[in-house]
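For reference, the chain that follows is the form predicted on its own, supplied as structure tokens.
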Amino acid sequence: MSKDLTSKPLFGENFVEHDGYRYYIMKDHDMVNLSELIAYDAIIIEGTSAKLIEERVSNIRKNLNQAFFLIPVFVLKGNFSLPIYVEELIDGSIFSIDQVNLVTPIVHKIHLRNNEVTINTALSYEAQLISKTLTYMYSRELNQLNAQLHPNSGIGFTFPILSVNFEPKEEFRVLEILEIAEKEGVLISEFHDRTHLCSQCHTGFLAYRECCPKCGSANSESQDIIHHFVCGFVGPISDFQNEIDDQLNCPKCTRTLRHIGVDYDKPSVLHECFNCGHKFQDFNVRAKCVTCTFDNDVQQLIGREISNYTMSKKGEMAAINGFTSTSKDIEDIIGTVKLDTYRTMLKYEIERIRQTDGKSNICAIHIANSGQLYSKIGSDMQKSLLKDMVELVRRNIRSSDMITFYDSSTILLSMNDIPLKVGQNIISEICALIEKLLKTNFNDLEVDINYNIKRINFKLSNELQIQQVIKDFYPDV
């Protein structure tokens, strides 16, 4: 679509049009139903304060409707600056509505990218937020997801497009979701910093205090310990001080201490608790949580690594094809094993074949239009359907054969000690039964089931053989 940046904007009561794009102008205290804004191509927020703009941008970006939270958002700037994390949630700023023609190319580019992504119903909240993050990064051509220090964050750091979905006291879940995304291979981490969180509520707003090891009070006084070289007397500096002048006199031999390092040194510090009178040399350092008031011993604090993240090629394809579930969502389906377990058992099977010249096979069943299917049925029905599919597969293979999920679109299974041709017949029949199951439950949906089966090769690694059997389903990953 060709854009003429010299054309003049057309203004309405609360909107402006330019080159075929319709912008909603959100003014101070507008009472607007956010769902109605999907009809617009972009939003321009006109606010009189940074706080109001932050609130409105956050409400858009944390919306669970992906078609809405991906909408381009611009700010009509006043004489105030926006926090950096808010700047990362908007697509630009203008200083006058007349400048709308300057952002039209940005809107056009974002809409083109938005049209490439697939919006699916995710199996879990974690998968939903990973999907949101990936699609937003893809639509804005953002390769990096970087941590930013933020005083109002529950963990001290914010990842704006992900953190916006949580209240500060729940923001520790951002780190859990990022760990899941890294495990799924859609994000790649690089160490950035480290923080410590409360052992009870997992927030990072902590007040550190040096406390008496006997009663736990922070009400204490510290003074140097003096060691007199000549007579060897050791005591607190108060024992050497006098009321007449500022000189130090040894209480044992009465000599005057003039030069540190020559007459005396200060080998340590003595602390005295005003609450219980206990004298001690080493404090107990405690961290009281401002959020839940729990008083943590510093050794109890939860250390968490803060990383920056890069979107992988797999993450880019997940944004385009749809990200519906994490391995955690599908690992607990009865009749399956975890993917890591499957990899290990495949490794053992390869070694067995090497020694016995056996004939075993690795198989994959793939739902090519899973995104379309899952977006229609919802997360509860999706998991129920996956369980039914596993039960169907399990009934048609031997109990010694293993089943796992590569993801929510692809099932991997083993068929050991049978010829390849027999395995092909079995897997073909299983796919026909799965198609029948899906058509029975969703007769208005065309089902696209594919499969692949390969004989296990003892000369190749387990991971390479998994990649070979699924490569036709994921050609770009």
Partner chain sequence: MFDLDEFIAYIQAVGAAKLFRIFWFFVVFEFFRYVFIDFVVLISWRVKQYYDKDKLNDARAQMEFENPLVSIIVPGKNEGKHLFKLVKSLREQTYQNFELIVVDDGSDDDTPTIGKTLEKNGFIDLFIRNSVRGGKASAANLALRFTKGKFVVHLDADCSYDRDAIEKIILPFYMDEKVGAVGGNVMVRNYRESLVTTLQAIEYYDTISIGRIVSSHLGIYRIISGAFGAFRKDVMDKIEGWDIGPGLDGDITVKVRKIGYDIKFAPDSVCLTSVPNTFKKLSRQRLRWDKSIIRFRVRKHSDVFKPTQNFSLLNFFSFLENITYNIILNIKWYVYVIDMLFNFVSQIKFIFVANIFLYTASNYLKYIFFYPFRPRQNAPFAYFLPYLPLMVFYFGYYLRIVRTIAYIKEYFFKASYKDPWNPIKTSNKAKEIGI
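Predicted, not measured: the structure shown is a model, and the values here were computed from it. Basically, rigid core = biggest C-alpha set you can superpose within 1.5 Å across the two forms. Numbering follows the first chain given and starts at 1.
Not pictured, yet referred to below: the form predicted together with the partner chain.
message: Looking at Pro151, Pro267, Gly78, Gly303 here, can you tell me which has any non-hydrogen atom within 4.5 angstroms of the partner chain in the predicted complex?
response: By the 4.5 Å heavy-atom cutoff, the listed residue in contact is Pro267.
field: Sole residue of His192, His278, Arg352, Lys109 within 4.5 Å of the partner chain in the predicted complex, by heavy atom
entry: Of the listed residues, the single hit is His278.
field: Heavy atom contact within 4.5 Å of the partner chain in the predicted complex, the stretch among 179-187, 268-276, 199-207, 86-94
entry: Only one stretch passes the 4.5 Å heavy-atom test: 268-276.
- prompt: Though only this chain appears here, would Phe294 touch the partner chain in the predicted complex if you measure heavy atom gaps against 4.5 Å?
  reply: No.
message: Considering non-hydrogen atoms and a 4.5 Å limit, does the partner chain approach Tyr125 in the predicted complex?
response: It does not: once the partner chain is placed as it appears in the predicted complex, Tyr125 has no heavy atom within 4.5 Å of it.
- prompt: Any of the heavy atoms of Tyr348 lying within 4.5 Å of the partner chain in the predicted complex?
  reply: Tyr348: no, not in contact with the partner chain in the predicted complex.
message: Taking any heavy atom pair closer than or equal to 4.5 Å as contact, tell me whether Cys215 reaches the partner chain in the predicted complex.
response: No, no contact at 4.5 Å.
query: Within 174-203, which residues have a heavy atom closer than or equal to 4.5 Å from the partner chain in the predicted complex?
result: Residues within 4.5 Å: none.
message: Superposed on the rigid core, does the Cα of His227 end up 2 angstroms or more away between the shown form and the other one?
response: Comparing forms between the shown form and the other one, the His227 CA shifts at least 2 Å.
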